[in-house]
Ligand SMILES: Nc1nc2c(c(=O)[nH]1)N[C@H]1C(S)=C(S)[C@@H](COP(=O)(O)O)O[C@H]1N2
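Okay, so here's just one chain, in structure tokens, the form predicted on its own.
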């Protein structure tokens, strides 16, 4: 008898309706799709190519992947991937001559401006990463922080291709002495009449991130779209999405962090009741996290019997060692099986556990452990912005069996 916990490769990679049916998890093809279609808002023009009923449109700058739309594929299809922009997307004309796009590289021994065409000559690398908004899970905070009330859908696992930043730095003589941070600056058009530093998308991360960073021009095997930062994006694997700078125009190695407000005050782990300030921890590396993508209540009542509980888990800059699943709200735990291809320490892993569910209400939860032994927390870290929610309790789902 075929192992019911092993997904055929075509199902793992495609995340198709056939794969869901094979697992008895056809919710996205039935009730969930109907429910999504009933509440659809129009997509903004720059993301009009995406799958409408797979997304929740919070605003023209914030699109969330529906939990039921993740399917069972390790890679999130581009047309279902979330969007989060801090400023309106630039004019699509910037994609007309991709190779002419320029980025200045500063804080190196031989600083200069390079075209995308020149970057292509310095090497190519491909890496799979979890791309996640730092506010993913904000909707679970009872304090209702300001900002988009994301559930789990401000995240995805995608494949980037581009030039390793370390290659670019080596070609320009190496990092200059005394530089502590890697700072990326976006190329969005800034509104007139305001202090540029109040709106500029510019983030600094520890200089060590250079070793894994890419200047990426492709995502999921296609030229990078405007919605996701094309023609060129700074990708910082293992770090929250805000640090992965879209439309990147400047990469600088700096002795201090950027003075842009999005860095100095935005995306800080500010305690409740306080005001954000530069001395508070910045939203940088992601923590170990997981959640269940099926079965879900929106698919309707389940029938008693064998159910395949499945979801995703990731560890930020660490690989995932294992995942446990509970069907009783965290009272007891069982080890799930990691399935599908292992695309490296920055990607997420799929997990699955077959369980027998009897009639009644069941709270399903998952808890991941990374290779360094860090265990996903039960409770969120309360903070003013609703950032970095890794709580397994918040991310649990309740289903009815009848």
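Numbering follows the first chain given and starts at 1. Owing to the predicted nature of the structure, the values given are computational and were not obtained by experimental measurement.
Absent from the display: the form predicted together with the named molecule. The rest refers to it.
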Q: Mark residue 85 yes when one of its heavy atoms lies within 4.5 Å of a heavy atom of the named molecule in the model of the complex, and no otherwise.
A: yes
Q.
Can you tell me if residue 216 lies within 4.5 angstroms of the named molecule in the model of the complex, counting non-hydrogen atoms only?
A. no
(Q) Contact with the named molecule in the model of the complex for residue 133, defined as at least one heavy atom pair within 4.5 Å: yes or no? (A) yes
Q) Is residue 244 a contact residue for the named molecule in the model of the complex, using a 4.5 Å heavy atom cut-off? A) yes
Q. With the named molecule left out of view, which of 267, 253, 314, 291 would have a heavy atom within 4.5 Å of it in the model of the complex?
A. 267
Q: Report the residue, out of 119, 325, 201, 205, that has at least one non-hydrogen atom within 4.5 angstroms of the named molecule in the model of the complex.
A: 201
Q.
Partner absent here, but in the model of the complex, which of 327-335, 305-313, 182-190, 274-282 has residues with a heavy atom within 4.5 Å of the named molecule?
A. 182-190
Q: Within 4.5 Å of the named molecule in the model of the complex, which residues of 227-242 have a heavy atom? Give them in sequence order, or say none.
A: 227, 228, 233, 241, 242
